[in-house]
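One chain follows as structure tokens, the form predicted on its own.
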């Protein structure tokens, strides 16, 4: 099969790596891809938000499956544009309406309320409702959770300890347009305390396959301190998530979500990320993402034993329901290497050494790199993801950090505590 994958990050390298192992693969194209994807497929210079350009490429290369990595392409409506033009094309991306589960936090919250899916209580406000927002804030207990309604590159959620800071942040979002269009509307939410986890499914809107669960680490600093980032590392599985707990997640969250799609005629084909939090034994939804997460993909896909392409090609058929998804029992840990200064200002263009010590069996995923005069250099905030297996969580963590020690570039930064909070002493 000919497959086109859209995106250029570590997530897309991990997806490309998994697809490259399929017996059904004929040719893999990645647009625009990165240094890592160029080693296992053909990088193509396409404008991923120009759907006409993508349509032409799909026809020219006789693409069978299109996989969309980043959320902005999904939210813009790539499924709705392409589906009427290609009856046989498998599009791994939901419809524009379904994409609002990530594209609008207000839409997602209303969907959860209608379908009795457990989440934090909230209220939404627009610019002209500043007084009402302050009044609602005063009725809440600290810490205060303020969210931009739209897409903000993973930076639209702020948690603050004082009401003065919270009011200032609301003004920044609504009046000063801190996140542009994304914060024309905001949500003020109840703070939920507990351990966060990421759960993923692959669905056709009727049936679903449960993927491995994971925990990612969003804060830049050790001990989950400092600014939010796109993710500093991840582990899979999460030790406290046993079969009983998974059953609870399926019963109270996943199945009501799928039933909600059916009742509301929402067309959904693709991955769903459930950002959950365990509140005293009860799983609740923090957010939906309408695609695979990054850096969770770098630990989730390595744990899938099944041929992913074989499952994807059957997603729109009756055979999907009976597809068997086999999962490795081993743990996987991923550590993200970033440029100094990330997630704020940082410099790029530094040569990366030590990559030649990695073999084909090692799990090294590129995110912000490029080839410059036959040398691989840094080209982003999050540069590389180093993933490793282990029979036990501690073993997978230790192996990942041993591999990290082989790599060097000027200003290289990484958290040294990924997964350590989950090790039972």
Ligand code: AMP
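Predicted model only: the values in this text are computed from it and were never measured. Numbering follows the first chain given and starts at 1.
This next part talks about the form predicted in complex with this ligand, which is not shown.
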| property | result |
| --- | --- |
| Within 4.5 Å of this ligand in the predicted bound form, all of 190, 218 and 286 (non-hydrogen atom) | yes |
| Exercise: residue 145 in contact with this ligand in the predicted bound form, heavy atom 4.5 Å | yes |
| Residue contact check: residue 311 to this ligand in the predicted bound form, 4.5 Å heavy atom | no |
| Partner proximity in the predicted bound form: residue 120 to this ligand, non-hydrogen atom cutoff 4.5 Å | yes |
| Residue contact check: residue 196 to this ligand in the predicted bound form, 4.5 Å heavy atom | yes |
| Sole residue of 253, 157, 266, 90 within 4.5 Å of this ligand in the predicted bound form, by heavy atom | 157 |
| Among 157 to 165, 312 to 320, 351 to 359, 330 to 338, the region lying within 4.5 Å of this ligand in the predicted bound form by heavy atom distance | 157 to 165 |
